[in-house]
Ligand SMILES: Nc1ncnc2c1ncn2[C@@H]1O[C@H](COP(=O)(O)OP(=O)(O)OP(=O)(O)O)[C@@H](O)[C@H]1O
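Encoded as C-alpha cells, the following chain is the form predicted on its own, with no partner shown.
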C-alpha cells in the first residue's frame, strides 16, 4: 500500500520568557493510503501542533516529512499553499466557515482560490448530497446548527477531491449525537472514496472510529 504520510523524528519547541518548551519529541509515523487513523491525547499533548505540521500550516520544526512522495522541506511558502490546496483537505473544530455566505458559496471558495472556473453547480450539489446538506445549500452559514456547519466544512474539504483529509477535533464543538454523525460521515468517505483520513481528538468514543488509535502524551507516542 502506498505511503501517504512519512514523518521521521519530528520535533518542535518554543521559547518562552524563561526556557525552551518542548511540544513534540522525535515523532515518527507512516500512514498508508486508505487508512483512517485517530490520534488521541489530552489537552497540551501536541496533537494539534502535529496535525498543523502534517498539513503544511506549520513549517517551524525539526525532522523530515514527506506527503504523497513530496518532501515538505523542499517547498517554499507559495509552493506549500499550492500543494495543500491540491492534495490536502482540512477540517477544524470551529468550522472556519464565512458565516455571512451561503453553504454553496463557502464550497465555491476553494475553487476560486485554486482558479478553477468550470466546476459546475451539479458537482457542487453532488458533494452537498454526500454530506446531507443539499437542501440547505442556499442558507447562510450563520443560520446553521453546529452539526450542519461541520458537515458543510467537510464538503468544503472534499470539493477539490484531496487524497488526504486532516481533521482537528472535528466533533469538539458538537453534542454527542451530532459528533457521531460527523464521524460516521468521515468513515463513509474513507470507505467509499479511499481517502486517507487522520483525526485528532481527545474523545475515546470518537477515536474508536479509526482503524488505528495512536496515543500522544507529552509530545511522544506511547
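Residue numbers count along the first chain shown, from 1. Note that the coordinates shown come from a computational prediction; the quantities given were computed from them, not determined experimentally.
Omitted here: the form predicted in complex with the named molecule. The next part is about that form.
Residue heavy atoms within 4.5 Å of the named molecule in the predicted bound form occur in exactly one stretch of 29-37, 152-160, 47-55, 186-194, and that stretch is 47-55.
Among 10, 207, 23, 214, the residue placing a heavy atom within 4.5 Å of the named molecule in the predicted bound form is 23. Contact check for residue 42: a heavy atom falls within 4.5 Å of the named molecule in the predicted bound form. No residue of the trio 99, 143 and 180 has any heavy atom within 4.5 Å of the named molecule in the predicted bound form. Shown here without the named molecule, the chain has only 202 in 183-207 lying with a heavy atom within 4.5 Å of that partner in the predicted bound form.
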